[in-house]
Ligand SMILES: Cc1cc2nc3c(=O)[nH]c(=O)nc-3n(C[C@H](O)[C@H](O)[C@H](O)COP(=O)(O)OP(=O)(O)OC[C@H]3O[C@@H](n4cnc5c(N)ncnc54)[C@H](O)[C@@H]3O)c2cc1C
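Shown here is one chain on its own, the form predicted on its own, set out as structure tokens.
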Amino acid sequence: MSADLIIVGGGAAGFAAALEAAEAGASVLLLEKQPDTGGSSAMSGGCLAFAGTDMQQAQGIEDSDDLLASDLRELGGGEADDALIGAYVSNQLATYEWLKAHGQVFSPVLEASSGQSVPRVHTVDPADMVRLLAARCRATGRVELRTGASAKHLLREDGRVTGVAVLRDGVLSELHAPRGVLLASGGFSRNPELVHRFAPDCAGAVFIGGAGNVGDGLRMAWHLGADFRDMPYIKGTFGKHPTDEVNDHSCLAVYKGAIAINQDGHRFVDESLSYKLLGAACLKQPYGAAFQILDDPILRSGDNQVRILDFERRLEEGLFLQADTLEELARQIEVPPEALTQTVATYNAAVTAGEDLAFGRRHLVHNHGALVRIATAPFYAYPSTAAVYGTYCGLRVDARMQVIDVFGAPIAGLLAAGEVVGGLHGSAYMTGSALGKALIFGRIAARTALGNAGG
């Protein structure tokens, strides 16, 4: 069996690449080892980081490629690959328009979140988005999807990747693709061995992700000498309720004005930082846990269209603790009342004075939003820990999504996109850039494969 291009992984990156290739006239074989498609993409918060869109312009939000690139570089802490930032930024607006042209509908509300200087969270229902891309792929008549197909190793001829060995229904077969193989197989948050190897500091985190995210693609490329990027910077996302088994997503009231306190009742971090850095700080606190403390106006400022800001639904589900006074709230969460009241009083004074001497917080999130006091009853606490939703690191690729080996050379015929790729995020993470890079890099990888059949 053969096709022009084989894609391993049926999430956003895989389907975006498949659709891009099919619309260019190529035949595509898309392999997904799970019974259903979607992976971590379908489980995500549905946030996409786009800049300069018509939605932003209509709402008077000034954003640009330059500001997006600047935010990504700042967040990356000097560790992100500037070529990948350039690839993301130069293709992001076209991908937004491409999604719209294929019928994708975005929530009308734009939010600012982790790492964003202006509101650029364009929200979708992620599972519906993957289903939409899959339907568009089927409509081309050029994409064959095989579920329950587990890729085992890559095939090579004369140094070039030409296919993949696949186990399906107990039968191992070899599939070939003259245009090469694209790995869109996700990360490894479901593989305790790899997590322990690369992220031992996350041992206390909650692990959430697609059931198939065990690092298959990473290992297959590793076997051929692929290099890695960003492995030391795996971090959990702050804001996951420790005992909530219904909602997979974090709650980030801190980005609307809440503060984070530990079990002793003290703040421990600048709450405007990337939620990856907040997660790392949280895991260092007693019991690896914290509380987000907020008042009624902050709770009411949430957005039920954005999963990480959907406060009222979580209140209805009983996940927030509520009290008429800070002292009563402190007793409910078993924090010293005098410590909590003093912490809030000190923070409110800092907001009034315009200077947070304790941790240097200046904005609600990154460089956006004026700080607000926590002063209007009722008061709320949201128990929070860190959750590893994705590993945000992986294979080293160039700006054309060719996988690069440990000696700095492309592995002929092998491309990668989505969570299996490292290099874009560096030491921290912008909301929407993971789902964004899945789509953007998937499309780039497909174009590279079709334009370079000979290597």
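All values derive from a computational prediction rather than experimental measurement. Heads up: residue numbers just count along the shown sequence, starting at 1.
The discussion below concerns the form predicted in complex with the ligand, not included here.
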4.5 Å heavy atom contact, A13 and the ligand in the predicted complex: yes
Does the 4.5 Å heavy atom contact test between R396 and the ligand in the predicted complex come out positive? no
Report whether the minimum heavy atom distance between D230 and the ligand in the predicted complex is within 4.5 Å. no
Taking heavy atoms and a 4.5 Å cut-off, does A22 contact the ligand in the predicted complex? no
Could you work out which of K276, R179, H366, H249 is the residue within 4.5 angstroms of the ligand in the predicted complex, going by heavy atoms? H249
Can you tell me which of 221-229, 182-190, 326-334, 341-349 lies within 4.5 Å of the ligand in the predicted complex, counting heavy atoms only? 182-190
Using a 4.5 Å heavy atom cutoff, which residues in 185-213 contact the ligand in the predicted complex? It's fine if the answer is none. S185, G186, I208, G209, G212, N213
